[in-house]
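Considered here are two forms of the same protein chain, supplied as structure tokens in two stand-alone entries, structure 1 and structure 2.
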Structure 1
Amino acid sequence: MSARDEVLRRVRTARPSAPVTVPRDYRAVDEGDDLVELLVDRLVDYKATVRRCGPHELAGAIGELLSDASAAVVPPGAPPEWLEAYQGRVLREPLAVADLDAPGVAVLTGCAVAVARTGTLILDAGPDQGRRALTLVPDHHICVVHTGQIVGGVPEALARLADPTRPLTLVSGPSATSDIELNRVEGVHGPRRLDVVVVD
């Protein structure tokens, strides 16, 4: 018997024969704080820029945020009115990675749900979010979040997803990582600029 076979034998022997019940009594709904303010606080702490506006101000806010972008990439399901105030080129999918990585290209998406406690935007490849490469390659990401999409914690966020089998992209600020001594390094991979527009 090889070492591999012995390890697998021990795992099989230790495995319970009956199904295991996993307790699910954690807090599923979190309504304790002002969730919008909490999300904004977390995003700003992660060095994202956050703007709040009403629905009628959204196009103007997006136009200002895209003012230095030579082109804006939008997913197929993004509402056309989002770009009413933008004067640059609008690129539609599908695009090659080289097109997404070109200088001056920004991406504009929605999100599926936002988690206030962690300051996380969850994108699930929905029509207004597009494929993962859209939010991982361009240097500038603008994400539109409606206040009705903000929840307190992760369990409630996952329960809100239309299809939990879709690929998820979790965004909690511009690109950053930490080395072994926990020194933060920004702009290593992914967008170096994250603007979040919260629509009340």
Structure 2
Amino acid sequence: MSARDEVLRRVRTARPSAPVTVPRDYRAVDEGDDLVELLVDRLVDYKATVRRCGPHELAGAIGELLSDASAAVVPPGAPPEWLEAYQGRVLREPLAVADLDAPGVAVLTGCAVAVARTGTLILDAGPDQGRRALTLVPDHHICVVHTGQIVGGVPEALARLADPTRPLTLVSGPSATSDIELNRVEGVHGPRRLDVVVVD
């Protein structure tokens, strides 16, 4: 008997017979607080830096955040106006991992949805986010969030995602470890610096 058939046979014999009803009386919609304020508070708590600006101030804000970057990586579908104020080199796909790993490289993306309650940005590889390696290898990630993309809790966020089978990355603050005496250290393997620009 193949391993597959054997495991399935065992599971069929061993499983409980009573059907289970799953209660769903937890909070499905999370409103009430000022969700933008809440998201900013949670992100700052995770040692991300946050700037708020109007749509016409966005290019200027990004330019300032990128001031010490020697090159900026942008996904294929990022709006051109994001980089209007940036003077440095702009890198576009196709890119090798070595290009992303070069010193001084920052990456600029949007996101699919942001969760206020947990301070989480969800990337779904959409046109303004690109493939996963873009936001992983460079040391500095700048993420643009529009207030319309902010929801209260995790249930609303997952419900908003267009296609769950796309590669998804949930980011809550910069890379961190607590493995040494439980001291939180930001920046082990992912980007050490996470800047979030919230556009009203």
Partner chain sequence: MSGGNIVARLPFPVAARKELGDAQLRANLRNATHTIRDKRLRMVGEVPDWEELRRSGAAIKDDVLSRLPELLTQFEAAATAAGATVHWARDAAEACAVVTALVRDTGTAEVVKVKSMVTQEIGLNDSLEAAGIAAVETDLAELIVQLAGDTPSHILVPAIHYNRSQIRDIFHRNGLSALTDDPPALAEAARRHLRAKFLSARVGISGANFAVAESGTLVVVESEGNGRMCLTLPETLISVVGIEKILPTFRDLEVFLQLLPRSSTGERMNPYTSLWTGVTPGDGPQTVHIVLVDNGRTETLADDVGRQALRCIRCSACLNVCPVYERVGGHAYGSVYPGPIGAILSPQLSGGGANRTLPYASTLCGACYDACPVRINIPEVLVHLRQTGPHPPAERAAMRALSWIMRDRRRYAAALRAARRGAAPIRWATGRRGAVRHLPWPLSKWTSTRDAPLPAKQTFREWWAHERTR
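Numbers follow structure 1, counted from its first residue as 1. Keep in mind it's a predicted model, so treat the numbers as computed, not measured. C-alpha atoms forming the largest set that superposes within 1.5 Å between two forms make up the rigid core.
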task = Kindly point out the structure, among the two, that is the form predicted alone.
result = 1
inquiry  = If I superpose the two forms on their rigid core, does the C-alpha of H189 end up displaced by 2 Å or more between structures 1 and 2?
reply    = no
note = Cα of R15, core superposed, displaced between structures 1 and 2 by (Å) 2.5
